[in-house]
Structures are given as C-alpha cells and as structure tokens.
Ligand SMILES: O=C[C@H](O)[C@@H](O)[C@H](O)CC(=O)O
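One chain comes next, on its own, written out as structure tokens in the form predicted on its own.
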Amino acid sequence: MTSHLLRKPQSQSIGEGITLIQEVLTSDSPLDYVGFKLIDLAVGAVYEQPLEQDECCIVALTGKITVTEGEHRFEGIGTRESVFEKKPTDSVFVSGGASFTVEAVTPATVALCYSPAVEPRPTKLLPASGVGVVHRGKYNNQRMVHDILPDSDPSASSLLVVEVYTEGGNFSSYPPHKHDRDLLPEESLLEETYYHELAPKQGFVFQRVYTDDRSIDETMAVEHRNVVIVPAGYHPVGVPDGYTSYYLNVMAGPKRVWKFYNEPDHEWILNRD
C-alpha cells in the first residue's frame, strides 16, 4: 500500500544535465504553504526559475554551485560532497517576483524550498559560517541541528529551513510534537516536508504522521531520498541501529513562528534526569 504522504525519488530529466529527484507542489499535495524540489546537476548545467508568488531558499546540499539573481551573483558556494560530512552548507534566499539561475560548478545536488512571499525581502547569501549548530536531546533522543533559516532570522517572510542528523538507535522529532493550530503563543500552524537521506544508502527510517483524532495515522518505512509530507499532526522519526539519518525540513504557515506542542502522553520523556 502506497502512502499519500510518502514520495519516492523520480529521477526525471528536465533539461540538459538537470535531473528532477523530488517535487512537492501545493497543487499535487495536501499542503497549502510549503513546496519542495530536489535536483541533481551535472557540471555546467544551468537550472533557471522565475518566482511569482513564492519565495525560495536554494540550499547547496552537495557540490558547488553559482547562484545568480539580477545583479546578485554568488560564485562557487557549497561546502561538502556528502551531507554526512555533517558540516553546514551555503544557501541563498530569493524573494517572490525574482528570477534566479543555479549553475553547477561541480556535480551538485540542490534543494529548492518554497513558501508564499508574504513581504518582499532582499536576495541574500546564507553562508555556512552563519548557520547555527545545536545538539538536542539525551539518552536515545539525541540529534544535531543546522538552523539554515530559523524564525529568529528575518531574511525570509514565511519560510523556515533546517537540517537534522540522528544517529542509529535514536529518535528525533521526539517526543512526538506537532504544530498544526494557529494558537500562539501555545502553538503555531506550520506545514512541513522531510527530505531524507541515509548512510549507508540502503538504510531506512520509520516515520509516523498522526493526529489526535487519528484522521491521519500513517507509519512509513522511509528510504534514501524519500520525502515525507506533514500537513498536520505529530511526526516522530526512529533510526535503526547501524545507520545515520539526515533530513532537511521545510516549514511554513500563516505566521513565521516555530512553536510546537508535545503530545501529552509522551511529554514525560523530557523530564527524566
């Protein structure tokens, strides 16, 4: 049985040297605020896109790229050949109404993260040196976070982007939490996508997406380069022993605030000594 929340990689050629791996649109998903695209680029390949109503964070996931928007040109950005080097990378923010190109200096994988452009913002390099690195959790609930575009950074008007690493035998996005109600200051409404990678690549993780009333309740075996869509509900990830999990989160909603609500039945986990 195929989950409507799980997207397998598609590997579709969309131009010379450009391979579309993932595409999640508001028009073909249960999402209203978040879009996501993943492309592989051969050396010299140029991807071009005009933005209309959306803003975009261009993440140099692996390899080196040059991003151009109008008079702005960011040459040879990108810091790693694999996400599992576990170091931050460079990104570029582009606001709605602009058009940008991404050219591959080396073979590259690029994540394109979209959300509505609520207000215009200047095109901006988000350098790896400015990405906050945070270690969260304890016991078997530990993960490392790269805050590419957190809500404390006003560079975007609605978009939030973060990377998370979880070692084998650990859970992340855990205890189960959600952010699907516009009830600030207690909780914010944010949709979310998870782009997953595994090391070694033949691995898998388990991710459950479920709501309090169980109108959504799906548990998925998620493999390398899969995407999980989280329109609402709790969304914990469990990583089997021997494998390392990486995922890139894109979040957006009516307000650019990340305020989550822990499932009460499991919140006790946070209070252990």
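Quick caveat, the model's predicted, so the values are computed rather than measured. Don't overthink the numbering: it's just position in the shown sequence, from 1.
The form predicted together with this ligand exists for this protein as well; it is not shown, and the discussion that follows is about that form.
Participant: Okay, which stretch from 118 to 126, 95 to 103, 177 to 185, 73 to 81 lines this ligand in the predicted complex, with non-hydrogen atoms inside 4.5 Å?
Facilitator: Heavy atoms within 4.5 Å of this ligand in the predicted complex occur in 177 to 185.
Participant: Residue 196 versus this ligand, in the predicted complex: is there a non-hydrogen atom within 4.5 Å?
Facilitator: Flag for residue 196 set to no.
Participant: So in the predicted complex, does any heavy atom of residue 109 sit within 4.5 Å of this ligand?
Facilitator: No, residue 109 stays farther than 4.5 Å from this ligand in the predicted complex.
Participant: Examine residue 87 and determine whether its closest non-hydrogen atom to this ligand in the predicted complex is within 4.5 angstroms.
Facilitator: Flag for residue 87 set to no.
Participant: Within a 4.5 Å heavy atom cut-off, is residue 136 in contact with this ligand in the predicted complex?
Facilitator: The answer is yes: residue 136 has a heavy atom within 4.5 Å of this ligand.
Participant: Exactly one residue in 247, 36, 33, 47 has a non-hydrogen atom within 4.5 Å of this ligand in the predicted complex; which is it?
Facilitator: If I apply the 4.5 Å criterion carefully, the residue I get is 247.
Participant: From first to last in sequence, which residues of 143 to 168 have any non-hydrogen atom within 4.5 angstroms of this ligand in the predicted complex?
Facilitator: Going through 143 to 168 in order - heavy atoms within 4.5 Å of this ligand in the predicted complex - the hits are 143, 162, 164.
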